[in-house]
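What follows is one chain in structure tokens, specifically the form predicted on its own.
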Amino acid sequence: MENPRIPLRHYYNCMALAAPRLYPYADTTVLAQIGNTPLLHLRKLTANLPGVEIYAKAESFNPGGSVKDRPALNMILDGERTGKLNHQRVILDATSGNTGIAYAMIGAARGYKVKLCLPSNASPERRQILRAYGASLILTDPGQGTDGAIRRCREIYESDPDHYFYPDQYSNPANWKAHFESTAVEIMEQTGRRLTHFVAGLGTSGTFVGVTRRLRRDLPHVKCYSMQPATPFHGLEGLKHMATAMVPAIYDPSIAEGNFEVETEQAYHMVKRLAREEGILAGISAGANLAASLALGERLAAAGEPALIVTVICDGAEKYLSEEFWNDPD
């Protein structure tokens, strides 16, 4: 009998692994496991916020380990559909790490070569994962962050455009549409459409833009807040300080109810709290998302306004365990 707590597709996939002849219709390929990630209730972190619940979409459960699996797959499939991507071309893009890992994983699964430009200060774990998947890396000036990686990527593409498929995650509508069609739908289903607020950080802005646009359409009462680093120079890998960075073409600031600014140290502190109070090992951007969500929750609790806030655990901690902040005193 089906376990009612397991989504039907996952149930059949599990059964297919045990008895593939009995369930030949189940797709057990790695790419079929993208999406349908858990929504985790953060009970301990909100214990002092009466009437406020915070849930986190655990995107580290994706096979590539991050939320970026969704847009990377959508951009690659869109490239195949439009004929811009074939096996004579190399997938090329700029990345802070997670989208690159997703490209590399998907490229390996679908038989594509992958070349990536990323800042040289990307964590050693990220670079090692990329090399493990067989991706070719071009390391760029760490002082220029992802903007420097974008500039270098454009130079490489423009030097030989027929050799590359350049999805350009910062400008490609297939990025935010992945979240419009999947992430937002899952959040609505998993909360029984009871959510009142959504919080997400800005990197490419795909997650925030895609989820917010779907919520604006289907649940217009939900208030959506963006989050970004408080200063131009920060340690929040993958996130952009929009006032001083190259603004992604897909970013739409008009759809945000408001914006939270988070210091790097706040994110570090929240990552450790997630691990030690909720038993969740999460990445630094997840810590920043949670810091913003708690700030919003405190504001709502003080006003006596009940709320169900949803945010995103963008990835796990395994890519950041070499960071010194883990050893810092609390």
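As the structure is a computational prediction, the values presented were derived from the model and not from experiment. All residue numbers refer to positions in the sequence shown, first residue = 1.
Although it is not shown, the form predicted in complex with a small molecule is what the next lines describe.
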Going by heavy atoms within 4.5 Å, which of 183-191, 202-210, 158-166, 255-263 lines up against the small molecule in the predicted bound form? 202-210
Residue among 178, 106, 239, 118 with a heavy atom within 4.5 Å of the small molecule in the predicted bound form: 239
Thinking of 57, 61 and 310 as the candidate spot, does the small molecule come within 4.5 Å of a heavy atom on all of them in the predicted bound form? no
Spell out, yes or no, whether the shortest heavy atom distance between residue 226 and the small molecule in the predicted bound form is within 4.5 Å. no
Close approach of residue 74 to the small molecule in the predicted bound form, 4.5 Å, heavy atom: no
